[in-house]
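Presented below, as structure tokens, is a lone chain in the form predicted on its own.
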């Protein structure tokens, strides 16, 4: 299963591209095709194991959920 933060975009705020490019929603920027291989779990990579960006994003999400639970709110 691919990383949930991976998107493919054919444009950004300033440019239109001739093909879609891999974009990391956790980093907020386009990534290299090699990094996208990790995001897509290709070549024996696993985004959960080999991507620091994914792990940090998941830690922030878990911390936000814990903080919301502490005050009785839900995080979606």
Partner chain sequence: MGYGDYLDGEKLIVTVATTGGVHGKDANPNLPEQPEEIAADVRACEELGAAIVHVHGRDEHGENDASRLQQVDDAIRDRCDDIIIQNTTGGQGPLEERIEGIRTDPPPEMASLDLGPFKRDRHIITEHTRRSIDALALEMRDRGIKPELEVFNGGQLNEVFRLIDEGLLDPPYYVNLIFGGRAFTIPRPRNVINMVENLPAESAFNVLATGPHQVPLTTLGILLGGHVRVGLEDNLYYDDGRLAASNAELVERTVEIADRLGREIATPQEARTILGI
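Here the structure is a predicted model, which is why all the values come from computation and not from measurement. In this text, the rigid core denotes the largest set of C-alpha atoms whose superposition between the two forms falls within 1.5 Å. Positions refer to the first chain, counted from 1.
Another form exists, predicted together with the partner chain; not displayed. Remarks below refer to it.
Contact label in the model of the complex: residue 58 to the partner chain, heavy atom within 4.5 Å = So residue 58 does not count as contacting the partner chain.
task = Indicate whether residue 33 is a 4.5 Å heavy atom neighbour of the partner chain in the model of the complex.
result = Although the partner chain is absent here, residue 33 would touch it in the model of the complex, with heavy atoms inside 4.5 Å.
query = Does the partner chain come within 4.5 Å of any heavy atom of residue 37 in the model of the complex?
reply = Yes, residue 37 lies within 4.5 Å of the partner chain in the model of the complex.
query = Quick one: is residue 66 in contact with the partner chain in the model of the complex, heavy atoms, 4.5 Å cut-off?
reply = Looking in the model of the complex, residue contacts with the partner chain do not include residue 66, since no heavy atom lies within 4.5 Å.
query = in the model of the complex, which residues of 1 to 18 put a heavy atom within 4.5 Å of the partner chain?
reply = The stretch 1 to 18, when checked against the partner chain in the model of the complex, contributes 8, 15, 17 at the 4.5 Å heavy-atom cut-off.
task = Superpose the two forms on their rigid core, then report whether the C-alpha of residue 59 is displaced by 2 angstroms or more between the shown form and the other one.
result = Shift of 2 Å or more: no.
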